[in-house]
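Just one chain is shown here, as structure tokens, and it is the form predicted alone.
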């Protein structure tokens, strides 16, 4: 195996990453993915020494390691695709083609994924997106978005239907052009970079900011103390419970079950209000910082949190017990939006999407970070891959996270005296940070130049893997079930349209 092995949040010298011929590079990474314990966490290209450097990162969940290899190619070169052999690479190669101008001889679905401002071919415009179509007098197309009736981000859904039955769904994103990854390179002030991380996805502030600070600290050879690790883990688990609870409210709303919508929606509020008490922001902005924090978690906050749970948990359990026993609810959730284990393996799904199909993708156990190495996390798994399985995982993860939080806030580490440090990354370095957010696996990776400045910064939200799962799950369902299918995944538009 001609790849370098590293751990989550470990810095290596960038020049130590093996450079292979493209044929060797492709064969090696395809062979790795034949093992069910391995999946691609990031695959990207960037301009380096007048050429294009391709870097592929494969996580081995059994060995708790990340295997990194690379190859060199040129702009406008036409290459055989990984995707023709492993569908899990499809979005990565589409992004490489769009950004770097590389062509593929046999990619089955080579379409733009984002239409970023710095795309290689500016002639490609979103108004000319090449939707798949079927020429038939018996079928019709239904377009939804990109401007939606509800409060939602821009994305277009193009259905091909036979009557009410969905035969095919194509999801077109790329309406937001924030240029997050480029801004990480342009902004030299560390605070600006942290605020960028907080802005990647508004519902995953703790997740993406934790990935950024862990990566930055790795590049700087800094190891956060137990107090900071505990604070970050508390924030991640509160965010998990809050969003899962809100998602149960949204699922209730989409099946017109008003009591569930009202009660679960109300129960989200005390959780995000705890962030307000903690750091002054209900989404946890301002809380997580490299090598320190302005808002250490205190015993007083722990007491307030535990008192809140005394009334919160009985109300949640009572509502869930009513919710999942109602025939009208179960008739809409069970056997709706089904994915198979084979499908999620093929597309490289992560997070709740994978675990609902008995595929154990969970960074908290496979590549633990922060306090998860102390927790001995066991993933919540389901087998049926339907909307109800994804709802059940949310409910059981809420229960599990409450246990973790009680353990964490009842046993806060002794706080170390520190102040916020201005850390400087080591020159010529590569590091990768994986975080299990409420939605699934987040991956941030970076390369520094000879002066220790960021040369490349790559962000991958779990939605990058899972949008294809939604497109597959709705097939053969009635189009009226699309809203509840969509919400059962609750994927991020902005996390995809970086």
Partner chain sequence: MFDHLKIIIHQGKQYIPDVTTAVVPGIFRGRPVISSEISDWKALAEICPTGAITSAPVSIDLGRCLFCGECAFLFPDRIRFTTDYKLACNVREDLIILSGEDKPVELRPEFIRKEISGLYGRSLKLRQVSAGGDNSCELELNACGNVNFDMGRFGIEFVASPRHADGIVITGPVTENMAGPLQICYDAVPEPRLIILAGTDAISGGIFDGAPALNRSFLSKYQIDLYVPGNPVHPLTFINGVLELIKKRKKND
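Residue numbers count along the first chain shown, from 1. The structure displayed is predicted, hence computed values, not measured ones.
Although it is not shown, the form predicted together with its partner chain is what the next lines describe.
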query	finding
Contacting member of 395, 158, 178, 111, with respect to its partner chain in the model of the complex [4.5 Å, heavy atom]	178
Candidate from 409, 375, 72, 183 lying within 4.5 Å of its partner chain in the model of the complex - any heavy atom	183
Among 280-288, 102-110, 163-171, 361-369, the region lying within 4.5 Å of its partner chain in the model of the complex by heavy atom distance	280-288
Contact label in the model of the complex: residue 426 to its partner chain, heavy atom within 4.5 Å	no
Non-hydrogen atom contact residue 148 with its partner chain in the model of the complex at 4.5 angstroms	yes
Contact label in the model of the complex: residue 413 to its partner chain, heavy atom within 4.5 Å	no
Contact label in the model of the complex: residue 255 to its partner chain, heavy atom within 4.5 Å	no
Output flag, 187, 192 and 195 jointly within 4.5 Å of its partner chain in the model of the complex, heavy atom basis	yes
